[in-house]
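Let's start with one chain on its own, the form predicted on its own, as structure tokens.
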């Protein structure tokens, strides 16, 4: 796949029944269209709306977006020839087997029966469904049904793949197996992945977008996101415990009352002594994606409250 870019400029979506609330609020993105781009955020952050617009399933209210120079609205038919997607709300057909599901999808995309049959068996084996490929999906667990849906798009020749929370409902072992396969797949495809699992984004993504209340509050590699926060130590203080004075760091508070301090190593150890002396409940560690997410989302809340 020739490498181009994913571009969004001022992308905004307002649903008619939302009383003017913006599901997407002037989202700007410009990243290479290669590897895995992971969108993370709480429920209602705008992840699925952004994915649906990029996958040509939904038109924006304003703004523009393109992948490899192909506009998602005016050139939607052209872009659809290159994409495959598993929507969050997708369901398997109860009276079809996993192999029939994948086979029929590939044939619908123009693959011959023989090639589709071989590819279906190969990919179902790769996602851990080789022993269940001829079992009716109504007899499968929720996680196996989800794997079947993921297998349909992974088996396609599409070079742009959308996966909306693909590992929801999977057990930890199955999730890790799928991670390994996605890592291999992303070497020659562009995968756009939404997830609630921060460790999934940290493990897989070459670029991570953090969404909150329709806005993109962070974008870049894990190293880029770490650099955007600057301080490399995190102290989390339970709700109800007093927060000491911070001179070199930044303090954010969640709606539950928990506080987070991001600061330097030297100040972190000094603050930890004060918290220990005060009998506060807290934890201290080097900054992780979880800490970055917590900080940027709560900083976003602060910015919204100042509008």
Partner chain sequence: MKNYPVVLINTVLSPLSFLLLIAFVTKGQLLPDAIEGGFIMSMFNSGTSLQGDLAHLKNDFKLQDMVVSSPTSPAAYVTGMALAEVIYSTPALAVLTVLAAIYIHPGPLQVLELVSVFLLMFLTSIAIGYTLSTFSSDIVQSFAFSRLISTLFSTLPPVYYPITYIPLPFRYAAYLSPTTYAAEISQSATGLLSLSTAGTALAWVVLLVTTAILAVVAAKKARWREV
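Numbering follows the first chain given and starts at 1. What you see is a predicted model, and the numbers here were worked out from it, not measured in a lab.
Keep in mind that the form predicted together with its partner chain is not shown, yet the notes after this line are about it.
Of the candidate stretches 118-126, 135-143, 188-196, 225-233, only 135-143 contains residues with a heavy atom within 4.5 Å of its partner chain in the predicted complex. Shown here without its partner, the chain carries 13, 59 and 85, all of which come within 4.5 Å of its partner chain in the predicted complex through at least one heavy atom. In the predicted complex, none of the heavy atoms of residue 168 sits within 4.5 Å of a heavy atom of its partner chain. Residue 113 falls outside the set of residues with a heavy atom inside 4.5 Å of its partner chain in the predicted complex. Contact annotation: residue 179 falls outside 4.5 Å of its partner chain in the predicted complex, judged by heavy atom distances. Residue contact with its partner chain in the predicted complex: residue 52 places a heavy atom within 4.5 Å of it.
Within 4.5 angstroms of its partner chain in the predicted complex, the stretch 58-79 places a non-hydrogen atom from each of 58, 59, 72, 73, 76, taken in sequence order.
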